[in-house]
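Shown below, as structure tokens, is a lone chain in the form predicted on its own; questions about how it binds or moves come after it.
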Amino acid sequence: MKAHDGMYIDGAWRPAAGRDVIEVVNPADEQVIGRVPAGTAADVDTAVRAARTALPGWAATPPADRAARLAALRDVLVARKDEIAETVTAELGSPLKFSEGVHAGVPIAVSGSYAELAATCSFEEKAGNSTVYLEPIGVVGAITPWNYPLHQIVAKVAPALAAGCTVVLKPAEDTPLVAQLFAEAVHEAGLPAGVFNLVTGRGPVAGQALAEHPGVDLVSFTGSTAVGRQIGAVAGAAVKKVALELGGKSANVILPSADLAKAVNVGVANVMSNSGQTCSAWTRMLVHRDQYDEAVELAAAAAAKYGERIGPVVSAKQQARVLGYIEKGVAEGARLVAGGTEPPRERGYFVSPTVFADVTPEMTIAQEEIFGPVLSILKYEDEEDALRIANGTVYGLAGAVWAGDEAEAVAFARRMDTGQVDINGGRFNPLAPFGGYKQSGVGRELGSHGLTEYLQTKSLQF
């Protein structure tokens, strides 16, 4: 798709307030593939005003009509799924097949799920002598990351629209083209002017202006815990609601009764998927000491198979960050059994699929989110030790447990301090609430829990 040189505000593409632009780079070959405007506080203000003006009309629109617009939006995304996949591949670098299945497929499923929820949610309930009404919270400021660029947009915008809110979106500066494509889809689906608005720009400028804007009632942010803290502080000072989906350092716990080969192979695939740029990736593999050496061998062999199939990381900055963590792992005494700091190709921001053995829980690579194709394998003595290691980080976003007996895996998973756990390779479910414990965030996305984030309650007593 061709980049727009304006902002989508109040139902039309409008020139940006300033002349600054952001260059969009293909991370596979380092070529500039487009330019979009770098929005300012003035652009954000124009967009928020448009969203505020559109709010009463959209909030008063019957839920069945909102559902119909969301269904139309899903249909446009389905019709343009090939273009979505090609756009994400161009600006993120993910292999085309992965872009088709995940980067295009998941947002289509999520938008469809919110079309259904908007139609079936009653938006009122009885409690004794009261009627409780669920009303839209107002204008939503959505700030989204680059790693799943369309999914993260839809996971915020679809429930907000279903709830009757209006939205101003500030997408990640690395992947703004698919956000522009989404704005085109919103327009094509016939949503009223001002209900959805797009401002492209840099986080510290446009993102900050959106988070601080007095006309925004809820800020929904997905990204790093460091930036999430700043946004939470800004929103807290203004007493506005905040939803934060932040970092992770999820544990993949392989209990002794598990099918070791399957657990290791699926675990490696999970970390290498999307070049490791997944907040919920199982980046710590925990294996019993008696099976440890075998698991390390299996993981090294599995990682070697990803050499040709893995895409680049998103940018030169991200590549430098990931390589820095690999160097730190070596410096702190972890043993490199696959990959390393040698770039696998001359061009592009590639990182070799990397596996570390002999990782101890206090090492940097076992505590901090790397956001690249890097797996740490840790040894545990017994189940209590495994639980202590699994819960021993500031994060709690996701995880996995493998065991021969499902009940055994469930019993362990119930004791993990984390928001999502996959049992014996359970599949991602777009209807289940997604979000974290501890410093992995505040609030939930997806399904009915994700809709609730954008609603506030009013009680009438009779």
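All residue numbers refer to positions in the sequence shown, first residue = 1. Predicted model, so just to flag it, every value in this text is computed and none were measured.
Another form, the form predicted in complex with a small molecule, is not on view; read the next lines as being about it.
- For a residue to qualify, one of its non-hydrogen atoms must sit within 4.5 Å of the small molecule in the model of the complex; none of 46, 49 and 180 qualifies.
- Taking a 4.5 Å heavy atom cutoff to the small molecule in the model of the complex, the contact residue among 165, 279, 351, 390 is 279.
- Only one of 197, 144, 111, 87 lies close to the small molecule in the model of the complex, with a heavy atom inside 4.5 Å, and it is 144.
- Heavy atoms of residue 356 never reach within 4.5 Å of the small molecule in the model of the complex, leaving it off the interface.
- With a 4.5 Å cutoff on heavy atoms, residue 187 does not count as touching the small molecule in the model of the complex; it lies far away.
- Contact check for residue 380: no non-hydrogen atom falls within 4.5 Å of the small molecule in the model of the complex.
- In the model of the complex, residue 246 approaches the small molecule with a heavy atom inside 4.5 Å.
- Only one segment in the set 382 to 390, 222 to 230, 76 to 84, 266 to 274 has any non-hydrogen atom within 4.5 angstroms of the small molecule in the model of the complex, and it is 222 to 230.
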